[in-house]
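Read the single chain below, which is given as structure tokens and is the form predicted on its own.
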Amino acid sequence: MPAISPRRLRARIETLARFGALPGGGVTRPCWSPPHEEARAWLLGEIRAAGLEAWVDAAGNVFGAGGVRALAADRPVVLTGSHIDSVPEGGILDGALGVLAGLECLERVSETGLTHRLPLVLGAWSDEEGRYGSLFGSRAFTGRLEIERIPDMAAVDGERLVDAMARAGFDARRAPEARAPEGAVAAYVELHIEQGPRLEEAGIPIGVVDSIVGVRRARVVFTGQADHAGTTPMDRRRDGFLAAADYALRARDLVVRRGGGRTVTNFGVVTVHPGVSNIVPARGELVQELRSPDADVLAGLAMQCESLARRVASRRRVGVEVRPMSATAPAPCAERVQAAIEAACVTVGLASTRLHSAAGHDAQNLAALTDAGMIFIPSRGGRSHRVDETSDWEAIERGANVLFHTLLALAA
């Protein structure tokens, strides 16, 4: 039975991990940064070295294929991939696994001469992690990019997307040109680490994703009044930070109570102004994230959180502004792709289970364009978005072989 080369796949994973590598392990490789652009150039070289065609679209997405030089409506392809950008102080597998396993699958198909009716194509999507705009590359590819927002898209630290892309040699205003022709993609499947503990704790080697959460991010800004921290009585303070802290705790409780057990919220960015120990904070800013696989629950909680923010602001005598930053919709995975993954598991003799993805992925954008699905492998300790994120090499090999046989089935 044909299978992937685990040695070659491991070598590529370890090589990609050098771009943006951190002294204690892990990587920091945000999209459009110098380490990311060096990694992009390396990936293009690896695609060509594998005997495949390689190209980059206007949104910075990288593609590789055998016998295909572009996507066209008259010849639909089976697409696989993920992303090579990372969060700050992230792991070496998040995204990278799906790209490099996809490359390995295409190379093995070419080497073995296995026949398939539909062309196989690899994609590495830009800015999946959302430094400037979540799932940017796949949104452009699927026609979901809001063109009018491009000039205003920026990172939390204020760096604008148009500037970051320009430094990397891209024109952000041309990103919508990356939209795929209608009918160009017959199916999409993405291999990824689970980024959670469910598979490892259950002792199941393969997860077949049935749905992917939607993610909403908003900046919540509480504006009070700066005062002397020593001379202003406690009952007269209009503390922007305390309002933000109060809101964060109450919003967490709200999501726990009304989120149905599958909805989460997070406050990963907190800014206090003026940020001086002897001044009562005039402003407290939070970046809040909501995730749920249920679109109605997600929309309802977003509205309830905004109402809660206004009640907290009124009670603490400060102003509040809720500024939406980005939103992705929950997406069901295609039954046809799930069935192909489960059949591949049977072929290679592996148990599997269906589960939802608690993280957002490019596959949810592709699901609006074509039949899409995902394969999960266990994350050791459920760890992800941290430098010690990892999966066993045996788990990586198993997942790549399931991807290999899934692609062959979808392309047949």
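From 1 onward, residues are counted along the sequence shown. Because the structure is a prediction, the values reported are computed rather than measured.
Only in words, not in the display: the form predicted together with another copy of the chain, which the text now covers.
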Is R48 near another copy of the chain? Define near as a heavy atom within 4.5 Å, in the predicted bound form. no
With the partner left out of view, is V276 within 4.5 angstroms of another copy of the chain in the predicted bound form by any non-hydrogen atom? yes
Since only the chain is shown here, I'm wondering whether D227 would be in contact with another copy of the chain in the predicted bound form (any heavy atom pair within 4.5 Å). yes
Mark G260 yes when one of its heavy atoms lies within 4.5 Å of a heavy atom of another copy of the chain in the predicted bound form, and no otherwise. no
Is it true that A21, H36 and M165 each have at least one non-hydrogen atom within 4.5 Å of another copy of the chain in the predicted bound form? no
Given the stretches 244-252, 146-154, 204-212, 297-305, which is the single one in contact with another copy of the chain in the predicted bound form, using a heavy atom cutoff of 4.5 Å? 244-252
Using heavy atoms only and a 4.5 Å cut-off, determine which of P324, G183, P197, G169 is in contact with another copy of the chain in the predicted bound form. P197
Exactly one of L118, V264, A329, V109 comes within 4.5 Å of another copy of the chain in the predicted bound form through a heavy atom, and that residue is V264
Residues in 350-385 with any heavy atom within 4.5 Å of another copy of the chain in the predicted bound form: A358, A359, H385
